[in-house]
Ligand code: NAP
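A single chain comes next, written as structure tokens; it is the form predicted on its own.
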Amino acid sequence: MKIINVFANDTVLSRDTKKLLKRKLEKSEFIVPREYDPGAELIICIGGDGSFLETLRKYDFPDIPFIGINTGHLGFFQELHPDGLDEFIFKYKQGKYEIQHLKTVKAVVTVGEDRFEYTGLNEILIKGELSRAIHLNISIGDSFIERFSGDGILVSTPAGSTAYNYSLGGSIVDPRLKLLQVTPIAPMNTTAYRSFTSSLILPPNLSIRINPEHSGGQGLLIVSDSQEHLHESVDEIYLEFSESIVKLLRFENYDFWTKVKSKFL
């Protein structure tokens, strides 16, 4: 059986596109189940980048290739447009595509005896509850780097370098590179506080360890791809590449820098 999972957000255009796509796929002898099927060979996500990331989280970063149909705004992860369904089905059946492998980042949060793990395709953000300034003792590998003071830090993957990281002044990174980028958010750099003010670029074998300083019972928000998790009295946050890999289906004419130019430059 050739099974393809199709998901759409709640906009009228997305729902209409899903109905049309389902008919076209079934005419091409594919099965489109009503619910998520873990045995599917492809997942199609109709919407914007937010819908794409939400689908990834909902099904726990499955080992199934994804392709997106953009009915949203930016659509950086989306490969297709609603008017290209017939061409997509033809190329897919002909095998005229490649699989792009995107690494994800994870954070392991230690609170006393408890451990919590979060994964993000784009980034993991650490900031104070109620947008308060925070103080973080940051180590890279076995080396203590500094006591950071500011609104927070963002740890992004190459895939996420064009998202919030780019808005913060971080670098756009080609996803063929394997690295993590640590970008400060509103760092304090005064006579009282010294914090790094530009992104740090780390190789894939180096981890980041953060030990927050506590004051007044302030909580920390750990945000993985816009999903917020509030923790109090955090002892340590350990960040590194996750074992989860996101597989994106790309057609033969896909080029990362052409897409960057069309979306940002």
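In this text the structure is predicted, and so the values were computed from the model without any measurement. Counting begins at 1, following the sequence as shown.
The next section is about a form of this same protein that is not shown, the form predicted in complex with the named molecule.
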Can we say T55, Q100 and F251 each have a non-hydrogen atom within 4.5 Å of the named molecule in the model of the complex?
no
By the heavy atom within 4.5 Å rule, which residue out of G128, G75, P187, P82 makes contact with the named molecule in the model of the complex?
G75
Can you tell me if S143 lies within 4.5 angstroms of the named molecule in the model of the complex, counting non-hydrogen atoms only?
no
Considering non-hydrogen atoms and a 4.5 Å limit, does the named molecule approach Y164 in the model of the complex?
yes
So in the model of the complex, does any heavy atom of S226 sit within 4.5 Å of the named molecule?
yes
Using 4.5 Å between non-hydrogen atoms, is A159 touching the named molecule in the model of the complex?
yes
Among 177 to 185, 120 to 128, 105 to 113, 84 to 92, which stretch has residues whose heavy atoms lie within 4.5 Å of the named molecule in the model of the complex?
120 to 128
Can you tell me which residues in 28 to 59 come within 4.5 angstroms of the named molecule in the model of the complex, by heavy atoms?
G48, D49, G50, L53
